[in-house]
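So this first bit is one chain, no partners, the form predicted on its own, shown in structure tokens.
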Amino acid sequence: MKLIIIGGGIAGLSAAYYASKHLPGAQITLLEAGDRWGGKIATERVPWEGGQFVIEGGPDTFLATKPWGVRLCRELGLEDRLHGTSKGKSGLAPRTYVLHKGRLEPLPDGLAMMLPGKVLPMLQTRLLTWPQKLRMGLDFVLPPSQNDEDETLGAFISRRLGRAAYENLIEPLMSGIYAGDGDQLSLLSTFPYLRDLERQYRSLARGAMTMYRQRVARGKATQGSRSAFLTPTTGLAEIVEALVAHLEGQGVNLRLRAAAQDVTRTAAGWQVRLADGETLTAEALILATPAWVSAALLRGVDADLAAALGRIPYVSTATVTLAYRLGDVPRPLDGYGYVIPRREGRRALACTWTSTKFPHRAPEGYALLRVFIGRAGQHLSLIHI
């Protein structure tokens, strides 16, 4: 059997890896239009004064709570190289801050999946006024919605906890994940568990408190358990490099600078025409490409599917990494960084204090910071750095 996979990011590489495992004898070809593997994973290692800076251009971790990443690293022999976020010298997780009215305010302690899991920290936070906190308290008595229709994340949180809680607390955390507009993002496509909490516990806060207590109990039972966020020692590119090495060893045909122009359905399977005019054939085809690329490739195969894919909006973002001597930083980097609500009107949406989060990513005596720029409603071409 012949299989063609288009797209050499982590999705395409993983698809090729598992295809090579479960389809013994298959002739697998992986096509990538660019000149490197990994897609959005882009790691730079910069030697510096006896150490090195590990700089991520794209994602810098993956979630341990979703088991597939850990399992893949285990199979590739990378499990012992995985690091969780640092607990700091005190053994307690450093804070995360929110930029609020131009000041860095600590995120309330006890959050469980973005939601308040403890009452006292929410009463003490300066991110909300007392009337806004009282509005959040209505969540305990408001009946759950019985409507099965989807709604936006912004509408759902505003309905349960109030608009201020959404804008000052949930929106900046959500933007750090999606860089999207919560008033347009589907609840069921992004955080479906929130509706489950509403229906199971009749209150988001009550559900969050239950989750927080369960998480604390699990932590006490499993001292030394790993962080929710994991990354290899010298960056996520280690996973890409291990996948490429494995695929080469399995005889997978890896082709860089091989841009697919269009695909055609045939009686025997699929035909893929490359930009240089070459044509490839296979019985099976996997598209591991962004939605707009898939739309262009499938236009001649399924017009309705191509149109649906073409309507999926994307947001352009950029990261700017900065390194300083610790002595030149005007304040202690006593946290993982800070997020910036949309209402602050800033160009940036977050700043990660990478050398606090992962000390091994910067040489001793240096601070490494990463700023995220661009979110829904912003155009990077209009941003002047």
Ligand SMILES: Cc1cc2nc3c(=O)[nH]c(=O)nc-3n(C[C@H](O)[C@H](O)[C@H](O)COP(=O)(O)OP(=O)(O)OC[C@H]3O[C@@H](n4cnc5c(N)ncnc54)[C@H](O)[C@@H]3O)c2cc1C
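One rule holds for the numbers: they count along the sequence shown, beginning at 1. Because the structure is predicted, anything quoted here is derived from the model rather than measured.
Keep in mind that the form predicted together with the ligand is not shown, yet the notes after this line are about it.
Stretch 283 to 291 is the contacting one of 283 to 291, 150 to 158, 135 to 143, 99 to 107, since its residues have non-hydrogen atoms within 4.5 Å of the ligand in the predicted complex.
At the 4.5 Å threshold, heavy atoms of I10 reach the ligand in the predicted complex. Within this chain, F372 lines the site of the ligand in the predicted complex, having a heavy atom no more than 4.5 Å away. Contact check for I4: every heavy atom lies farther than 4.5 Å from the ligand in the predicted complex. In the predicted complex, none of the heavy atoms of C351 sits within 4.5 Å of a heavy atom of the ligand.
Residue P59 is the only one of P67, P59, P359, P47 with a heavy atom lying within 4.5 Å of the ligand in the predicted complex.
Contact annotation: of the candidates I55, A33, A323, L333, the single residue with a non-hydrogen atom within 4.5 angstroms of the ligand in the predicted complex is A33. Contacts between stretch 250 to 264 and the ligand, counted in the predicted complex as any heavy atom lying within 4.5 Å, involve A258, A259, A260, listed in sequence order.
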